[in-house]
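Below sits a lone chain in C-alpha cells, taken as the form predicted alone.
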C-alpha cells in the first residue's frame, strides 16, 4: 500500500467520470455532483439509522441492496429531510433524471443530500442539470468533487492510496468526504465516498468496507449528534483487475482513517484534533464506549481548547460510564507519553500546557482489565461552534 504523495490533486480512478455544477441551491458555489462509472460497479453502502432519515436515504437503501451501483448524485446545502411525500417524489425524480442522463437503471443510482432540514429541493433548478449531465461527465479531480459537496466545511477532504494488483499492475483508491457538524455516527457518517478501480467480489468488498468504516468513520464524533443523511459508500469499477482482499481492506481503512482525521480536525469551530485511545478493556466494544464518553465530554473538549491539563475531567468521563470491571486504582491516563494519573511523578504544568497548545492532542487510557482496545477521533469545543450553529439558517 502506498499513500499518494503528489502535490497534484488525485484524479478519480479508471472507469469513473464526474459532473460538477452550481444549481443555485443556496449561493454561487458548486452544489451538485454526479460521479458515474462506465459500467455497473461492485458497491457497498452504509446509511444512517436515524428514524428521521431523509428520502435520499430511503431510496438509496433500496438501490444498494444488491451490491451494485453505477452512479452517485450529491446535492449539497439542502438535505431534503422531513419534507413528506413531496420530498420522496422529488428524490425519486432526481434519481430517475440522473439515471437517464448517464444511461443506467434508476436502481443503480445512489442519492445523497446534505444541508438544511425541512426545505424541499428546488426542483426547477435541479431539472436544468438533467440535460447537461451526460455531456458534462469528464475526468475531474477529487478535490473538485469534495469541494462541491461542502456545506460548513472550511476545506475539501480528499485521501488516496495505491496497491498492487494480482497481475503486477496498480490499483488506486480515492476517497472524498464532507461533514464537520452533526456528527456522531450510527453506522457511517456525514457523506463519504470511496472509488477504486480494483476488481473485488461484492461480499468481500462489503465485509472489508464495513470493518474499515467501524474503525474510522464510526469512531468519529464532533458533537454527539447523528445526521439524518449519513451515507458512506465504496464503488469498485474493476478496471485495474483483481487484488488481494486483505490488502484492499488495509487500503480502504487507511483512506477512511485519513478522511476521518481530516473531518475531526475541521469540526465546526475546531482548532484541535483530539485522539482518545483506550486499551486494557474487557473487549473492543467496552474500549470504544469508554473512549466515546471521553471524546464526547464538553468538559474534556473545552479543557483541551483552553490548554488546561485538567485530567480530572477525563477520569470523570471514564467513571460515568456504567462499565463492569473498571477500578480507579488500576486505571492509567496520559497526555501523549506523559502519565497524569496516577500521579506518581508529577509532570510540570507548563510542559502539559505546551503539549495541549498543539494542533493534535492524544489522550491514552489503560483500563488494565483485559485485551480490548479502540481509538476514537474528535475535536475541541470552541465558541466558533456555537456561532456557526446559532446562525446556520440565517
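Residue numbers count along the first chain shown, from 1. Small disclaimer: the values here were computed from a predicted structure and weren't measured.
In what follows, reference is made to the form predicted together with another copy of the chain, a form of this protein that is not presented.
Think of it this way: in the predicted bound form, another copy of the chain has a heavy atom of just one of 28, 344, 51, 359 within 4.5 Å, and the residue is 51.
Put simply, of 297, 262, 277, 129 only one has a heavy atom within 4.5 Å of another copy of the chain in the predicted bound form, and it is 297. Interface residue remark: residue 320 is counted as part of the site for another copy of the chain in the predicted bound form, having a heavy atom within 4.5 Å. Although the partner is absent from this view, residue 310 contacts another copy of the chain in the predicted bound form, with a non-hydrogen atom inside 4.5 angstroms.
Contact annotation for residue 375: none of its heavy atoms lies within 4.5 Å of another copy of the chain in the predicted bound form. Put simply, residue 244 is far from another copy of the chain in the predicted bound form: not one heavy atom of it is within 4.5 Å. Proximity of 11, 165 and 237 to another copy of the chain in the predicted bound form is absent: no residue of the three has a non-hydrogen atom within 4.5 angstroms. Only one segment in the set 134-142, 87-95, 103-111, 219-227 has any non-hydrogen atom within 4.5 angstroms of another copy of the chain in the predicted bound form, and it is 219-227. In the predicted bound form, no residue of 148-168 lies within 4.5 Å of another copy of the chain by any heavy atom.
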